[in-house]
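Two forms of a single protein chain come next, each set out by itself as structure tokens; they are called structure 1 and structure 2.
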Structure 1
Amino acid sequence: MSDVDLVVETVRDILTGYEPFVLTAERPWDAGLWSALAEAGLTGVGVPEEAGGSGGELADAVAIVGALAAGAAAVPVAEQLLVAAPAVLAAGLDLPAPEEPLSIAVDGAVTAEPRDDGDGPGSWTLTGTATDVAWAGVARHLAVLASSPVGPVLALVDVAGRDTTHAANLAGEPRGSLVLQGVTSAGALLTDAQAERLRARYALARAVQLSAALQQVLAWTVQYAGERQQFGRPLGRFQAIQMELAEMAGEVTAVAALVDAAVQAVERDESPVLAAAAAKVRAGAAVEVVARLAHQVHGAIGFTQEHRLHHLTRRCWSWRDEAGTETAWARVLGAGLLADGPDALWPALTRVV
């Protein structure tokens, strides 16, 4: 068993004690699951030990995020492990303890004014509203991408006790806004390219979640089709149902191959922007087919709250448009591939992943 398999096994063992539940404003996340993951050191994977983490590679962090996504786990692990923690570390800021949930905000109009003029990380005053904040009200710390007169800034805000508005995505996951008026926080100047890579990492994190969730939706649907009897035989024996399941499998397999390749591009430290954009767009497009057919095969039981299917399909419907909408990333990909002129499209396509 590889290290990655071992990590996935550990996550699955923990998940068995925490069934997905319907998220509400009163119960916006699975605090118990988070504690169990933190206790096992899983909320610091991919973060070096000298920075307070548990060590391990990006592949381990990706595997954890995938396993949790497949389990519809209501915890901000994707944001922390794949996006915010690596960004905070790369910016030279002090990373909060891994057991305190850390999220990311890249949208909204937050401006940063420098309070000192030292090089590298410094102190900044933040003003404005961070919107579409994943796990608003849940995360203890927030990495905020802000703009300043001298370029993009990544600021680290302690949000304990701050007011957040509660909004939710289609699955009930908190996606609120946070008003910052003259808040002093640590931050570091980024290059435009670094800011672009941060957004891309966020999109790729959602693509990793989508890929894992879509694989699970397919597995559930195949299982259901094998068990559910109609007209005297299992649904899966009907050719019409087989066609639908095969179509789902085609989508799921294509997404997995591209998302894996995009993760590997990041591991090789190549510019991940177009690879992440492609993975996000492809995964989002697959949601159309996979979620529709999964519900079709499951029949009416599949769109009740008592059945597990919605925990994943509702997340998929939201994730495809989070961290940059599918359409926005499609434009980034299309324009990026034409950067060297239209005649260089093919060479560009063979370079992306």
Structure 2
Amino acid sequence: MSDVDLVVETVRDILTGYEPFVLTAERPWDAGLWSALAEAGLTGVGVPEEAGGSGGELADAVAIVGALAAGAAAVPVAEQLLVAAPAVLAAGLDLPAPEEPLSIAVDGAVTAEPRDDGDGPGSWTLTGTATDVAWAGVARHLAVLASSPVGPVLALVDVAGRDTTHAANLAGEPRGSLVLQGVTSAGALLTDAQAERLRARYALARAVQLSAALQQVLAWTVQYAGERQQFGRPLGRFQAIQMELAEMAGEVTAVAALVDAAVQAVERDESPVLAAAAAKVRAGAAVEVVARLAHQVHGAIGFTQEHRLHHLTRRCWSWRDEAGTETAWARVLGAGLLADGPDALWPALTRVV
């Protein structure tokens, strides 16, 4: 058994004690699950030990995020392990303790004004509103991508106790806004390319979650079709159902391939922008097909509050539109593929996939 397999088994063992539940304004996340993950050192995977983390590779962090997504876990691990923590470290900022939830804000109109001189990490004053913040009101720290007169800035803000709006996505996960009026924080100036890579990493994190969730939805649907009897035989014995399961499997496989390619691009320290764009677009397109067919095979039971299916399909519908829509990333992908002219189009296409 590989190290990644061991990590996944550890996450699954922890998840057995924490069934998915319907999120509410009074209970916006699974604090008990987060504590269990932190105690096991899983909220610091991928972060070097000298920076206060648990060590490990990107593949380990991706495996943890995938296992939690498949289990409909209501914790900000994807944002922390795959986006915010790597960005904070790359910017040369001091990373908070891994047991303190860290999220990312790339949307909204937040401006930064420098409070001192120098090209390295310094002090900035933030003004504006960060919108659609994943786990707003839950995260203690927030990595904010802001604009400034001299370029993009990544600022690290302690948001514990700050007022947030009580917005949520379709699955009930907090997606509120925070007003940052004259807030002083540590920050670092980024290049435009670094800011673009940060947004791409966020899109890739959602694509990783979508891929894992869609694989789980497929597995549940295949299992249900094999167990549910209709007209004296299992649903899976009907050709129409078999065709639907095959279509779902094709979608899931395509998403997994593109997500793996994007993760490998990050591991090779290449720009992940085009690969992440392709993965996010493909994952979003697959949600419509897989979720629709899964509910069609399950019938009315899949919509009931007690059934597990909707815990994932509602997350898939939500994650599809987060960190950039398919349309937005399709424009990025198209522009990137054509950037070097017609002769470079085919090599660029094959490099992406």
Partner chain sequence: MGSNSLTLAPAPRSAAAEEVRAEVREFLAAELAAGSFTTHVDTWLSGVDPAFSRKLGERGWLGMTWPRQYGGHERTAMERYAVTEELLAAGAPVAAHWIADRQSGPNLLRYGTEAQRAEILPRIAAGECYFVIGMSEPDSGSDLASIRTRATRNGDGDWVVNGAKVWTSNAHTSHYAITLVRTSPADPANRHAGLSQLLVDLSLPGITVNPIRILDGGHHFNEVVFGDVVIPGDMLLGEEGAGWHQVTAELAFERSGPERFLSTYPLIAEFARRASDPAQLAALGRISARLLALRQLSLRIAGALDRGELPDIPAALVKDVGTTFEADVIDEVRRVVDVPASLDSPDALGRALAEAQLHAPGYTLRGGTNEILRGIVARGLGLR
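Basically, rigid core = biggest C-alpha set you can superpose within 1.5 Å across the two forms. Here, a residue number simply tells you its place in the sequence of structure 1, counted from 1. In this text the structure is predicted, and so the values were computed from the model without any measurement.
Comparing the two isolated chains, structure 2 is the one taken from the form predicted on its own; structure 1 is not.
If you fit the rigid core between structure 1 and structure 2, you'll see the Cα of G17 move by less than 2 angstroms.
Comparing the forms between structure 1 and structure 2 on their rigid core, the Cα displacement of A344 reaches 2 Å or more.
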